[in-house]
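Below sits a lone chain in structure tokens, taken as the form predicted alone.
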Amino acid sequence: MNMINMKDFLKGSGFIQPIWVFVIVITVFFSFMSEYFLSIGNLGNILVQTSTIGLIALGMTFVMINGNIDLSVGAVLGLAASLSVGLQDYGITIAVIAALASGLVLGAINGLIVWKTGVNAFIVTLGAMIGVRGLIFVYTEEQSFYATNFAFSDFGAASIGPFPVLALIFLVCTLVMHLVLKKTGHGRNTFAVGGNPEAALDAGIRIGRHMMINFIIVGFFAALAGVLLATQMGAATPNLGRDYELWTITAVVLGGTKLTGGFGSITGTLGGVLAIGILRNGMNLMQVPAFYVLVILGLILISVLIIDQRLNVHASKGVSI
């Protein structure tokens, strides 16, 4: 066969995303290891448990396809959760709106700084992560908040038939963001900016404004995740959301999104999120200590990055197949 680009071959041949092969393999494995794994209740639990990281990962996918990253999402989640619980004396509606608005504002600030200063997004959002976490401790006075309205905490446990509401919200948001990425001009521009910023600029794409919109999107989803997590717990703590940025980035990278930008998908991210959720849930059913999950995920992530790098090298040179 003639020399061809590996990436084009995989796309053109309908090659299934590797993360979904992994999801299928571990699903089959855990179904044999535990009779409860494939029960409707447990599958619903997996979706609920992964919905928090999953929602953030939807927005992070857009940011990372742009070639950026947002380390502040865990802190934004914590602030939104604290606001949604702490402001309930003014009504649930006002509390939730304030929480979601905090994510939009913080996302806009991150995007604006990256746009106007040209400072690397890693540094900008690292500073935001530290600053917002400090703001949470100032606002909460280092105390946990507990929901005073039972309707708020009841929402986190609500179901429509056999399907948990939080899982349905996550799946609907996943579908919407998949369509935005694949079917809209903003989605196409996301790939263009991440793949070749100079060409995108020549094509008339306002790169700075575009990146700012994606930071706003991930800020919104981090805040939404914070509100929904608070409904599950019926409370918010100052440390809520710590390390969530690492879990989110891991899920997105496992799903095939490149750290250098220009390539990724929502379906891949969904696979990455489910892979983490299935591993944690399955190993818990097997009564394996939780820290082993971290070891396994770390090894998998490193392996994925090594394989991805080698594929890039072969694709750039051309391979004979």
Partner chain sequence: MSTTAISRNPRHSADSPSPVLSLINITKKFPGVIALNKVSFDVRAGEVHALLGENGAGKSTLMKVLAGKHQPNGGQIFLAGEKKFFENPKQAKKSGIVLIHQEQSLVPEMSVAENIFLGSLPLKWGNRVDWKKLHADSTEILKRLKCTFSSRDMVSNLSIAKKQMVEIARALVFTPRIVVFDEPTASLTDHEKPVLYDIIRNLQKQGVGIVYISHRMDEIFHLSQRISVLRDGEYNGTLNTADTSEDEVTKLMIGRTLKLDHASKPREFKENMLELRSLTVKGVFEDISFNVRKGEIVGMYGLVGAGRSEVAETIFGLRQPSAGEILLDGKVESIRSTHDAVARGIALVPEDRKDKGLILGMNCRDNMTLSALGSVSSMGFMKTSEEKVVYDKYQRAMKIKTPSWRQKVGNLSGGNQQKIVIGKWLHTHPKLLILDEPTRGIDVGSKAEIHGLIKELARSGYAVLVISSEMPEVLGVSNRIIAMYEGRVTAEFDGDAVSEDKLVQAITGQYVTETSGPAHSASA
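As the structure is a computational prediction, the values presented were derived from the model and not from experiment. Numbering follows the first chain given and starts at 1.
Not pictured, yet referred to below: the form predicted in complex with its partner chain.
Q: Thinking of its partner chain in the predicted complex, which stretch from 89 to 97, 187 to 195, 221 to 229, 112 to 120 has heavy atoms inside 4.5 Å of it?
A: Answer to the contact question: 187 to 195.
Q: Considering non-hydrogen atoms and a 4.5 Å limit, does its partner chain approach Phe263 in the predicted complex?
A: Although its partner chain is absent here, Phe263 would touch it in the predicted complex, with heavy atoms inside 4.5 Å.
Q: Evaluate Leu201 for contact with its partner chain in the predicted complex, applying a 4.5 angstroms cut-off between non-hydrogen atoms, and reply yes or no.
A: Yes, Leu201 is a contact residue.
Q: Any of the heavy atoms of Arg242 lying within 4.5 Å of its partner chain in the predicted complex?
A: Heavy-atom contact with its partner chain at 4.5 Å: absent for Arg242.
Q: Is Ile205 one of the residues lying within 4.5 Å of its partner chain in the predicted complex, judged by heavy atom distances?
A: Although its partner chain is absent here, Ile205 would touch it in the predicted complex, with heavy atoms inside 4.5 Å.
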